[in-house]
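One chain comes next, on its own, written as structure tokens: the form predicted on its own.
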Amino acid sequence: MRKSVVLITGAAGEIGHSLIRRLHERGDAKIITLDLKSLDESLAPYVERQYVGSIVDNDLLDSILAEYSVHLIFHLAALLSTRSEFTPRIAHQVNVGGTMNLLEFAQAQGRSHGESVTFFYPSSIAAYGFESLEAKIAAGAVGEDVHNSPTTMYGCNKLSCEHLGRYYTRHYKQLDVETPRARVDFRSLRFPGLISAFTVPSGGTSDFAPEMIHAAAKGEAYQCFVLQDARIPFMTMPDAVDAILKLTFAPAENLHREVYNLEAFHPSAEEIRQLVLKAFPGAEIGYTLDPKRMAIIDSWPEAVDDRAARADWGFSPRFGLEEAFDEYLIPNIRATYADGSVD
């Protein structure tokens, strides 16, 4: 018999590492992973098997299907926002084509073992798009189903995959003579900007906030690429991982939609700067506007309405803005740079 497992794609990133540890602590599932690179050696004992390869490799997915019975997928693998903008065709192939491959894989898995496969997908506020800054300000906190006109390739990819997930869950092959039963239970979180104490920002559009903090901790001057009053929603990485697990294991009957908004706080760039200066009084943080990146920030909401997540499955972030700095970011960032362990 095939072994029953959980599959995590893109497992070599921080969210993947956290999920592996948390699932191992639960003790109720064997884990297999798929990524372009190997996991950190410390995680090897927690994993049944590592596959090093691509989500666009259908032969590899077929070999996993033949050997394992997958009942839960965390599909984290993606080409991230900045690179997607420089290589839109490749971004579509990886982000949309790869997700389509995984959804087909999930449908095949569910059909083979007779139960729906829960499929977690991380979406993004990049799925939103406002035509003007004035419209963004007037909208205030926005719900999931409005202003979905993204201006970036990454945002287009995310919104497209949200719709694909909804299709595989609700409408799969609806014109067949005998309509096949949908075997995918797609669940997605539309994440705001994520701030981590343990991973150096990689140049993403929302990274002006974590870049300020990490630069200050390293004693490096930093020029913020957005204006002082730029405002989008954020949350900490631990709250993001908690939310993934809470949604994934929520009873299906409690869920009234496939895609949920999240946020914990939505400060301006200057509010973040002041908190960084409070923690690192000697930090040199200025502003040098990048008009192109600022235009993308202006197209995203300044706040989102996450009442559905709070009502359906009890989303409640641990860290507000000041708690995020005082209890999570500053202590951990100081410690990681002190011992040289930051990635």
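Keep in mind it's a predicted model, so treat the numbers as computed, not measured. The first residue of the sequence shown is number 1, and the count goes up from there.
Same protein, other form: the form predicted together with ligand AKB, not shown, and the subject of what follows.
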Non-hydrogen atom contact residue 168 with ligand AKB in the predicted complex at 4.5 angstroms:
no
Does the 4.5 Å heavy atom contact test between residue 204 and ligand AKB in the predicted complex come out positive?
yes
Going by a heavy atom distance of 4.5 Å, is residue 260 a contact of ligand AKB in the predicted complex?
no
Are any of the heavy atoms in residue 125 no more than 4.5 Å from a heavy atom of ligand AKB in the predicted complex?
yes
Exactly one listed stretch (266-274, 170-178, 80-88, 100-108) reaches within 4.5 angstroms of ligand AKB in the predicted complex by non-hydrogen atoms, and it is 80-88
What residues of 284-319, in sequence order, lie within 4.5 Å of ligand AKB in the predicted complex by heavy atom?
300
